[in-house]
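First, one chain by itself in C-alpha cells, the form predicted on its own.
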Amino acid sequence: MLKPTADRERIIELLEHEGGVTEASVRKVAAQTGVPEADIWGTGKFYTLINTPGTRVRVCDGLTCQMFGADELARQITESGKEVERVSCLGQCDLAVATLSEDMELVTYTKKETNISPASDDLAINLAGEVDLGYSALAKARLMGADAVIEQLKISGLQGRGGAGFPAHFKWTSLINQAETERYVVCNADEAEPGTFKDRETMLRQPHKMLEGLAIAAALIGTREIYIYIRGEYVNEVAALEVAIDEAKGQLEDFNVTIVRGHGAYICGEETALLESLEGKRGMPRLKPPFPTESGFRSKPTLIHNVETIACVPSIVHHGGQWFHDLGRTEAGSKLYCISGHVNQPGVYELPLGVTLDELVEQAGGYVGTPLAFSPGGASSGFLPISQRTLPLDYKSLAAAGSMMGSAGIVVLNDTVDMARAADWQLKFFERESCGQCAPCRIGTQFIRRQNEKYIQLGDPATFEHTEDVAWEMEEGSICGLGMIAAKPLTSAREHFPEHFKTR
C-alpha cells in the first residue's frame, strides 16, 4: 500500500521531464512523490517513450510504412550515423514512410498533406468545414437537460467510434444513475491502431467539436473535470488542442480541462488500461465488471469516449438524433474512414456508415496496381480478400464476415505484397504491444509470430501445426481485446490466401 501522501499520478510525467528511466531519475522521482523506487522502475519501463534515455530517430513499423520501404529508410538513416529505433505505428499511415526526429518532430518522406472530404453540412464532423467557436450546442444541451440529450443520443444510434461499437447512450445512462457525485469525463485520444489516423485529423482540424462534446458530457453528468489522454507521439495534435482550449476559455470556464500525454503504449487505447495510466501505473487492462461508468478514474464514475465519438455529440444536439441516424446507409451516422496503402489519395474521408471499399477507394483516387487484399479496421481486423470489396464497411457486416469494423483504419494491399510478410508485420506489432499481464496473450503473441517467421525462413507449412489451437486459446482466455484478436492477421491471411502459405 502506498502512503496516503504519495503522489503516484505524477511519476510518468516526472520521469519524462528527467529524460527517462535511470537510477538517478527514479531516485529523484521517488523523493518527489513518495512512491517506492521499485514501483517507479516497473512503471517507467512499461512505456517506450521513457524506458530508455537518450535521443534517436524513431522509424514506423506499421503495415503501410513497411509496404512503402520502412526497412530501407531505417538502413539509410543508420548509415548516415544516427541511432534508429523501430517503433509501432505512428498514426501517419497516409504519409508513409513516417519517422520522428530526435526532437520528436514528425518527418515524412513521400507526401506532406492529408486528403479529406470536401466541406458539407451533411457531415457530423465535417473536417474541411468552418471552425465554430460559438459553443451553441453546449448552451442548447444545458437547456434540454440530461434526459433529453441522452434520448437524442439513443435515437441517433451513435456507436463508439474507437473500435468497440458500443451504443454511446448506454454509457451516459449508466453514469447518470450512479449515486456517487464525484465524476469524471475522459477523452480517449490514444490513437495507436495501425492504419488509423482519423482522431489525429479531428484534433488538428475540428478540435472545438471534440471540446464542445466533452463540455456537454461534463455539464450533463455534473462534473467540472475533463481529461484528454493523447498519445505521446502526437506532438502537433497536443499543440493544436492547447491553442483550441485557449481560444475557447470563455466557453470552457466552468470546466477544468487537463491534457495528459501518453508515453508509448498501444494497450492504453483500451479504456481501463488508459485509466491505469492516468493514475500513474502500468497501462494494464482491468477486469470488468465493474465498468468505468461505475468505478473508473480514481475509482469514481467515469465517462470515457473516443475522439470521433464525442465530436459527433454537438451535431446531434444541434440537428437531433434522427438527423444523425439518417446520415448512415446500413447503420447510423456518417463515419470517418481512414484509408492508406495502395490507393492514389490516402486520407480521411467522412462517408455514410456502410459504404463499400470500392466507394471509399473512389473517393481516394482509385487503386494503385491490382488490389489483392484489405485490412478493414486496423491490425485487429485481420485481412479480407479483395473479392469482398462490395461488403458494407459497417459493424454488423464485417463481423459476419469474420472481421471487424474496429477503428475504420483501412489498408489496401495490391498483388506485389506477400501475405505471409504482411501478417508478420502485424504479428510483430501485437507481440511488441502486449502488456504481458495474462499468459494467453503474453505467450501466444510470441508463439504465433515465431511460427510465421519460421515459415518465411523455411517455407514449410508444418510450422503452423499448432497455431490454430493457440489462436483459440488466446481468444478465449485473454483479459482484453488485444490478446483476443492478436492472431487474426495470421489466421485470416491463411484462410483467405492459402496460396501464400504453401511449401516454398
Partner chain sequence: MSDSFSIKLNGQTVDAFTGETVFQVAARTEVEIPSLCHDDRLAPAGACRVCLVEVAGQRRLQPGCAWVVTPDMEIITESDRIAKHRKVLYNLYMADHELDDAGLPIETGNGNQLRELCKTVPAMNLEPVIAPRSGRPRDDNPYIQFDPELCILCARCTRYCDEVEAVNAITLSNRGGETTIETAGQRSLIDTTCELCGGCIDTCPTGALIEKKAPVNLVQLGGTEAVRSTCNFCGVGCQLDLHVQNDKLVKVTSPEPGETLNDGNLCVKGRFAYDFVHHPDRITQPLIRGEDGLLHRATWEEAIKATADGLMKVRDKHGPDSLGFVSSSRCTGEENYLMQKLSRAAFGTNNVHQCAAT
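Residue numbers count along the first chain shown, from 1. Quantities reported herein were computed from a predicted structural model and do not represent experimental measurements.
FYI, the form predicted together with its partner chain isn't displayed, but the following is about it.
Contact check at 4.5 Å (heavy atoms) against its partner chain in the predicted bound form: all three of Ala38, Arg282 and Lys454 pass. Heavy atoms of Ser434 reach within 4.5 Å of its partner chain in the predicted bound form, making it an interface residue. Though the partner is left out of this view, Asp61 does not reach within 4.5 Å of its partner chain in the predicted bound form, counting heavy atoms only. Taking non-hydrogen atoms only, Gly34 never approaches its partner chain to within 4.5 angstroms in the predicted bound form. Interface membership of Gln446, defined by any non-hydrogen atom within 4.5 Å of its partner chain in the predicted bound form, is confirmed. This chain appears without its partner; in the predicted bound form, the one residue of Gly157, Gly264, Gly129, Pro392 with a heavy atom within 4.5 Å of its partner chain is Gly264. Just one of Gly42, Pro53, Gly69, Pro461 comes within 4.5 Å of its partner chain in the predicted bound form, counting any heavy atom, and that one is Gly42.
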